[in-house]
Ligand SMILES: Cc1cc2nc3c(=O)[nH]c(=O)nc-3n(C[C@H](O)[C@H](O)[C@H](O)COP(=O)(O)O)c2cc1C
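The chain below stands alone and is given in structure tokens; this is the form predicted on its own.
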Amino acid sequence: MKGLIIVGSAKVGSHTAALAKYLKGQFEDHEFDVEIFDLADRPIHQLDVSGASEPSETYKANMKDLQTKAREADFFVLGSPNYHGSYSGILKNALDHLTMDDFKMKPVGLVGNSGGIVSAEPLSHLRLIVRTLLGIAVPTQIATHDSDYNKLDDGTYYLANEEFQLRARLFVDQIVSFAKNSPYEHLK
């Protein structure tokens, strides 16, 4: 099984990226092949259906890679920081470049991080988007706060909160169970 974690933070080395790395390790414990597509590291151009702008070759290559990985994925995790009470614009842009065929009847996990007030609102908004894309958002979601992370000597964040580590295992178990036992396989 293949999974794709899309990190929608504009900051390289974000808390959301640290959570994605933690989750990747949990999926690998289940022998699932999971890739992280971090939009801060691999930006894509703004959706422009008019053709008025010409994206760089790097942006085009990143977008093509995102679309290929999305089509091959058996499940997704969408991660975003809390940007003004919702998910990030760069994650919305990435989702605008994908289609219902990429998400149809696939399990989707939702994760986010807040630097200020802890809020699950971005995840509630993403749940609506996932439904519109015909994906199936799993019940468990993860909404962390900056204080749930510590830093290594090199400045890299890691998930330190044991409660969220347990929640992450439940989250991954739900996605794994759904991906392995999807009652909707015939609808894809």
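When you see a residue number, it is the position in the sequence shown, counting from 1. Because the structure is a prediction, the values reported are computed rather than measured.
One more form of this protein exists, namely the form predicted together with the ligand; it is left out here, but the text below deals with it.
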Task: Result of superposing the ligand in the predicted bound form onto shown chain, 2.4 Å backbone or C-beta criterion - done: open
Open item on the list: Just to confirm the contact call: exactly one of 116-124, 129-137, 29-37, 59-67 touches the ligand in the predicted bound form at a 4.5 Å heavy atom cutoff, so which is it?
Closed with: 116-124
Task: the ligand: the contacting residue among 21, 169, 11, 180 in the predicted bound form [heavy atom, 4.5 Å] - done: 11
Task: residue 107: touches the ligand in the predicted bound form, heavy atom cutoff 4.5 angstroms - done: no
Open item on the list: Can you work out whether residue 146 and the ligand are in contact in the predicted bound form, taking contact to mean some heavy atom pair no more than 4.5 Å apart?
Closed with: yes
TODO: Residue by residue through 57-96, tell me which have a non-hydrogen atom within 4.5 angstroms of the ligand in the predicted bound form.
DONE: 81, 82, 83, 84, 85
